[in-house]
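First comes one chain, alone, set out as structure tokens in the form predicted alone.
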């Protein structure tokens, strides 16, 4: 265990300039409204040893400016304060993503979810892989062993920043709430998981800053039922995925009317959400390679855990 000072200090995690060049970001608004992708140009305010700490991406077609704050590129056309930016939410997801890496148990059972992320990442995904709704980064790091490069896109700025911090320090450090106002700082090594072929940005999975056909694989874990328009998201993800690429999706279908209007939920009184997704994959030329149910545990505090049972669909786009 680490002390409070070690866990509470979050240092800057600059964006690597060579990765910016490799990813070739495009304007997430203009590129989807016109016939051709519109590249973003990088302007740097502060750079240290080839790493961009602050600056902006600018569109050559519209006046939009996408800032880089503390090394995190904010490529969201409509940035918002996410519920996942809150400390309690962050500590819950950090536990879910990384508790199995701790050198000593952080809680009594139920167990953490390392097997869940390994299961999603067990098949190779070539080229650029997108982890959409990447949260604090476990799946992106997990799949990086079987991919050329992984880009995590997460709408919560704080979650994206924390994922990048884990990638830079190769450690996981956070305050773990036990009950009420009581808690403890935990600090443990993540070096066996973290690799250098991963980057995270703050962005909207339904307004991707990438050109069509650039991705060899797409991961969307527990995302589709937390979007305003799931059908719109699926069409955008399909456009970015190249022929022959894999689309790996999980969802517990825990819909919330304040997030997704009921008329936009997948499925209806006749078809389940699973059946609606299977129909969508068939209509868009995908071969579904696997269907399964997985278990995922979320920790709120030491006496309150939630068990999710997401559906897993793994599908391959026709060539």
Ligand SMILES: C[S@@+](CC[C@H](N)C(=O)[O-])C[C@H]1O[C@@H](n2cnc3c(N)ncnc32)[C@H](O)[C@@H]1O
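On a predicted model such as this, the values are computed, not experimentally measured, just so you know. Residue numbers count along the first chain shown, from 1.
Although not depicted, the form predicted together with this ligand is the subject of the following passage.
Asks: Just one stretch in 215-223, 189-197, 176-184, 101-109 has heavy atoms within 4.5 Å of this ligand in the predicted complex, so which one is it?
Replies: Contact criterion met by 215-223 only.
Asks: If you check 71, 133, 230, 167 against this ligand in the predicted complex, which one has a heavy atom within 4.5 Å?
Replies: Selected option: 133.
Asks: So, in the predicted complex, is residue 84 in contact with this ligand at a 4.5 angstroms heavy atom limit?
Replies: Yes, residue 84 sits close enough to this ligand in the predicted complex that at least one of its heavy atoms falls within 4.5 Å.
Asks: Applying a 4.5 Å heavy atom distance criterion, does residue 203 contact this ligand in the predicted complex?
Replies: Residue 203: contacts this ligand in the predicted complex.
Asks: Can you check whether residue 153 is within 4.5 Å of this ligand in the predicted complex, heavy atom basis?
Replies: Yes - in the predicted complex, heavy atoms of residue 153 and this ligand come within 4.5 Å of each other.
Asks: Check whether residue 116 has any heavy atom within 4.5 Å of a heavy atom of this ligand in the predicted complex, and answer yes or no.
Replies: Answer yes; at least one heavy atom of residue 116 falls within 4.5 Å of this ligand in the predicted complex.
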